[in-house]
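Single chain ahead, written as structure tokens, the form predicted on its own.
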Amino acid sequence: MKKRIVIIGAGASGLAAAIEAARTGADVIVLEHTGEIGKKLLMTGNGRCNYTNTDMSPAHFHSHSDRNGTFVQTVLSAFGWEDTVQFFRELGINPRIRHYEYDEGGYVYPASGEARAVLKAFLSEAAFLNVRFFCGCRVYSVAHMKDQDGRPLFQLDTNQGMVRADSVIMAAGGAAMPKTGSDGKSYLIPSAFGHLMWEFLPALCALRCVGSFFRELKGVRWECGLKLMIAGPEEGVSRDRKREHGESEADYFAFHQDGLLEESYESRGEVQFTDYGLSGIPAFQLSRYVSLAVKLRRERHILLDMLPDYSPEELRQELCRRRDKFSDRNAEILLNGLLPEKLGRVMMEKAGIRANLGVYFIPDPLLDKLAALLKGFRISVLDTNGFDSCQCSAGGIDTSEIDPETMESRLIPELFFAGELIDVDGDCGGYNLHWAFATGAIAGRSAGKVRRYRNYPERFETNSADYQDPEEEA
């Protein structure tokens, strides 16, 4: 008899886990609570599926619990970007590597440029390996017990009946983009087993900022340097305190901070100005820190460098040169060609320079003020755009309670975790998908290593004749 492995979630990590588990010869069942497999996968990379990156450094991953990066490093050592490329080659997906300015690595896409090709390859391989999918199957509880021989046994109660398994792989995602099925409820089962959870927070999303001028800048795209400044908690806060069960999340977060009075995080690239704030990859990279700052009620603002290729002195010299060269013209010519027109107009207004003022009459103090604004325009940040539009969520199961070599729970034997449910989130550029595939593959292989022998009914066992869906009762 085959070992039975049940996987909760048919997203990127769940699909990778299913393939690798089935390749060990296990009987694999995947439970997906939505009506569609891989829905979120189809949306990645704007439909092109940027599935890994050649610059697979642990610095591109972030975690509340894995502060020294050892958990991430262990996973990446076992399953690097080359392993992901080879994994997909075996599924018939050849890579296409694209290099973008300001990124050291190469973004890896399927050669066809279609996320749908990746999903089709997964489903084709799963069918070949006899993986069974049950869509519209919501798991209400997972009971852990032992059989008469003392071996782990799981019993899952679902809206389609009951199923038993030797191993369970949880790959149910986080809280990002709930319309795709990531409703944030994936924490319930590991929490019930006593796992420490970091609250899900939005990551990789746009930032909502203060300023009426954003309405005027809507639609402008411009390369900028961003520096997020966060005012920290009071000194003396311990970073090592571990939350006791029953303690509030707010207290846990507060006691887990570094105790610094100020933190800063930087990014650079093309910023997209919206009518409410900042979007684009540079803003996305900072959003996880904004979410945490909002959670902790810490002050936050961004210093926007609109001409990052100029040093402050070089910029002042350039502005002086322009003032001398165009001395017989109006001030509006001063930033022409240096910045987009809308952006230049707003900066001139902020510096107190009227557009119809003669360039020759701009005094040194105003010129210095303009140069300072261009190199460090301060913007107060209200919040992120939230889970509905974020690409991933930060938070999840504390990494100290997962074996990084197998993805197995350190608390419950034969319970494994994969993907966004783990307290690790990555930068833009294929890192979150790589994490999903890497942890899913490791979990699947590990769960399939040891064979258990037990007879199971071919179909789910119904709880009783009067089984009632709890959601329908509500």
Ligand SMILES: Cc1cc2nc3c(=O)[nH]c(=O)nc-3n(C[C@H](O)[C@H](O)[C@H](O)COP(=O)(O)OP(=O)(O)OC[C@H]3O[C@@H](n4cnc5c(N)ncnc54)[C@H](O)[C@@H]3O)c2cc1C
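None of the values given here were measured: they were computed from a predicted structure. Sequential numbering from 1, following the sequence displayed.
Although it is not shown, the form predicted together with the named molecule is what the next lines describe.
Partner contact region in the model of the complex: 415-423, out of 402-410, 441-449, 65-73, 415-423, criterion any non-hydrogen atom within 4.5 Å of the named molecule. Exactly one listed residue, out of Met348, Leu278, Met177, Leu307, brings a non-hydrogen atom to within 4.5 Å of the named molecule in the model of the complex: Met177. The closest heavy atom approach of Thr34 to the named molecule in the model of the complex falls within 4.5 Å. Contact check for Ala436: a heavy atom falls within 4.5 Å of the named molecule in the model of the complex. Proximity of Ile8 to the named molecule in the model of the complex: non-hydrogen atoms within 4.5 Å are present. The named molecule is not drawn, but in the model of the complex it has a heavy atom within 4.5 Å of Gly181. For the partner-free chain shown, Ala171, Ala172, Gly173, Met177 of 141-179 come within 4.5 angstroms of the named molecule in the model of the complex, judged by any non-hydrogen atom.
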